[in-house]
Each structure stands twice: as structure tokens, then as C-alpha cells.
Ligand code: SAH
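Quick heads-up: it's one chain on its own, the form predicted on its own, in C-alpha cells.
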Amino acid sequence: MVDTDMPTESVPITPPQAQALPAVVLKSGRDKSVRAHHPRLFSGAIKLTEGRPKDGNVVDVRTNNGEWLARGIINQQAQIAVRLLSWDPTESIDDQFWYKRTARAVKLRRRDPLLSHTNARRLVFGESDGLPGVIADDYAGHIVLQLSTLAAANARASILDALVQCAGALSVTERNDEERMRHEHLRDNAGVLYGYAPQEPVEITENGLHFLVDVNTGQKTGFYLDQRENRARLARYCADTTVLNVFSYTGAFAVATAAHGAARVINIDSSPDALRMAEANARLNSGTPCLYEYVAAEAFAELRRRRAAGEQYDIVILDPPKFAHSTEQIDRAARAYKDLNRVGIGLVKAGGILAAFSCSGVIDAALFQKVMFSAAVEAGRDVQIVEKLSQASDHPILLSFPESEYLKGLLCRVL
């Protein structure tokens, strides 16, 4: 690996901006978030644009009184009109900028002691790493890259160079989120950018366990790295238990609980392909005498069926997909979380554990706890929070960007 923050000769360097840049001028009173280093500037805050910039150009951001505030990349077709990148008026947004930011993110992961027991990690986490729209996940040297903003897509070459030279990539494959790309009016450029992407699932290790990851067609980038610490923390409660693992995907929670003594684990997921991978992951970690079951079913219906049958379990894990993608969907998502957890609480034996998660960024931790309270009341059970969980350390939360805290988890004891 190359341990440097500076680009090699293969990285083209654009000279610093030598002349005045185009600028967006803010409406009066709309500068607070920019001053607080929030990386998103919405179109509704802009009074006018000077200099006729093209989408993808670097622009300065100024107050209505002409004060310089920040610099970023403009996309006038998107609701987030400017992706803010720098609050230093002497800093140029060029190829070197993107290379150095990516290299810095990679270097910070190498220094993270919480990542010493795995060869799979998120190398770049978007705005939290000062790289809006860039996600890069490393699976034993095979990197899956997502570029979901115009700014990131235009910097593809510099980002790729940094991943190859500083992360020692064996391959880099671009896989993009179609919904996010639509918001930015981008075309999908998915495909192998470097090396030879593996055709078979990649084997990774995590805290002594082994998992297969489909880097080509798996959900998101192939594996839920953000739950790494949460799998280990929940597993401590699982000796001699029966576990119901709902929205199981490829069974990572199941394998972790089995490794810590769970006697029986039932995986429920709507995808037969995901369940087949879950079976393969169980076989990779077959040193524990756990009885696994696999149920291909729609989660809500299956949970209601089991509740009506009077079934109960020592541990119930509810890790659903995102229920809310925007603030307009908060109320509907909150009702869905309440309904899901109301039934889930009823499936837990007295004294057992419910592990409840939300990955909806617009549902904050306080609201999620209120939803869980309502679910407990409707289920007629007393519930204690024993641990509060969040995303893994390679998904850092930027204080100036609270939206980067998206994963909430509660380990609850049901009485």
C-alpha cells in the first residue's frame, strides 16, 4: 500500500483558480447552515447566480452583502443545488483536492483500532469524509464504489486513482443507487473501473467469523458493514437461546449469534437468493452446533402469523430496510416501525431481548425511541432499553452534518 496523502504523477493536477469563479448569492438570512459547515446548499436558499456556471462547475457561495462563505460544485437541476466542499478561500477544488480527500479517508480507516479484526470496511462515507456522493466499501481488496452526485461523478478518475494507490485495491467496481442518481440527473456508469472483479462471492472476515459477499449484485454494495459492532454486542446475549432473525438478508446476525451459543436461529427474508447465501455463510462457520432454519416470506405477514400462533423466542431481531426516504414520509414510516415492533415485542419471551433497528436517516434517535414506546404500550408489555446502538466507526458521524447519523438501534429487554 502507498501511505501518502499526495497524488502520484499519474494524477492530473488542475492549477489553482486564477480568476474569479462564478458565484451563487444567498437570500438574506439563509447563510446560517453554510457558516456551520453543513455540506448541502438547497436551491431555495439561493437568490441569484452570477457568471453563468454550467452544472458541475466550481462556484463560490456569497451572502447577499457580498461576503465569501464557501466553495462547492453546482448542479442547477438538483434540489441540492451546491455540494459544499471547502470553507477555505485559498483552496482549489481540482483533481488534487479529490485525490487528497479520498486518500485521507483511507488513511483514517487504516488507523482505526476497531477495524483491526476485519478485512472489510467502508473506506469513504460521503459527506462525513468531505466527499459528497462518494461511498467506497472494501471487501478483502475488492472495492465497490458508489458515486451519487454530479460532483463525485466528475471526479471519478481522481477518486479511483486514490483508491488504487492508497487502499491497494485488487479491483474497483462502480455500482450506483438509481434513485439517488435520478435526483442528480445522472447517467449510470456502472461497471468495472480497475482490475478484474470477482465473478464468485468474496470471502471476508469479521471478528473471527467468515462471510461471503456478492460484490456484483448484492444489496447496496453487498454487505451491511455498518452493523459490525452491533452484531458483536447483540451476540453476547445469545447463549442457549432461540433467535428469530427478521429481514435476515445473508444471515450475518444469525452467524454472530450462533458463534456465541445460540441453539436455534430462524432466518426470515423475502429473497430466496439472500437465504441461500445465508445458508452458505452458516456452512462457512459450522463449528457451532446451532440449528438453522430459513423462511422465505414477507416479514410483516410472517410475524403476524407467528404471533397469532402464540410463538415466542428468547431473541427477536428486527433490522428492516429503510422505511422513509424523505421528510414527507416520516409519519408513514413511524407507523410502520410501530406496527413492526408492536408485533415483534409480542414475540419475545418474558425477560428476552428485542433488537430493533432503523436505518431511515430522517427518523432520528429521539423519534425512534418514542415509536418504540408506543409499540410497547400497544403490545401491553413493559420494555427496558439495555443498550443504545449506532453505526460502525467506519461510518463516522460528522457533527456539522447530523444527517450522517442514520442507523439507530435499541437492545430492549421485554418483561
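Not measured: the values here are computed from a predicted model. Quick note: we count residues from 1 along the sequence shown, nothing fancier.
We do not show the form predicted in complex with S-adenosyl-L-homocysteine (SAH), though everything after this point is about it.
Proximity to S-adenosyl-L-homocysteine (SAH) in the model of the complex, taken as heavy atoms within 4.5 Å, picks out 241 to 249 from the listed stretches 120 to 128, 78 to 86, 160 to 168, 241 to 249. In terms of contact with S-adenosyl-L-homocysteine (SAH) in the model of the complex, the residue from 279, 298, 91, 331 that brings a heavy atom within 4.5 Å is 298. 270 is the sole member of 154, 312, 270, 176 with a non-hydrogen atom within 4.5 Å of S-adenosyl-L-homocysteine (SAH) in the model of the complex. Though the partner is left out of this view, residue 237 does not reach within 4.5 Å of S-adenosyl-L-homocysteine (SAH) in the model of the complex, counting heavy atoms only. Remark: residue 231 counts among the residues lining S-adenosyl-L-homocysteine (SAH) in the model of the complex, judged by a heavy atom distance of 4.5 Å or less. At the 4.5 Å threshold, heavy atoms of residue 292 stay clear of S-adenosyl-L-homocysteine (SAH) in the model of the complex, well away from it. Under a 4.5 angstroms non-hydrogen atom cutoff, S-adenosyl-L-homocysteine (SAH) in the model of the complex lacks residue 214 among its neighbouring residues. Residues 219, 224, 227, 231 of 212 to 241 are found to place at least one heavy atom within 4.5 Å of S-adenosyl-L-homocysteine (SAH) in the model of the complex.
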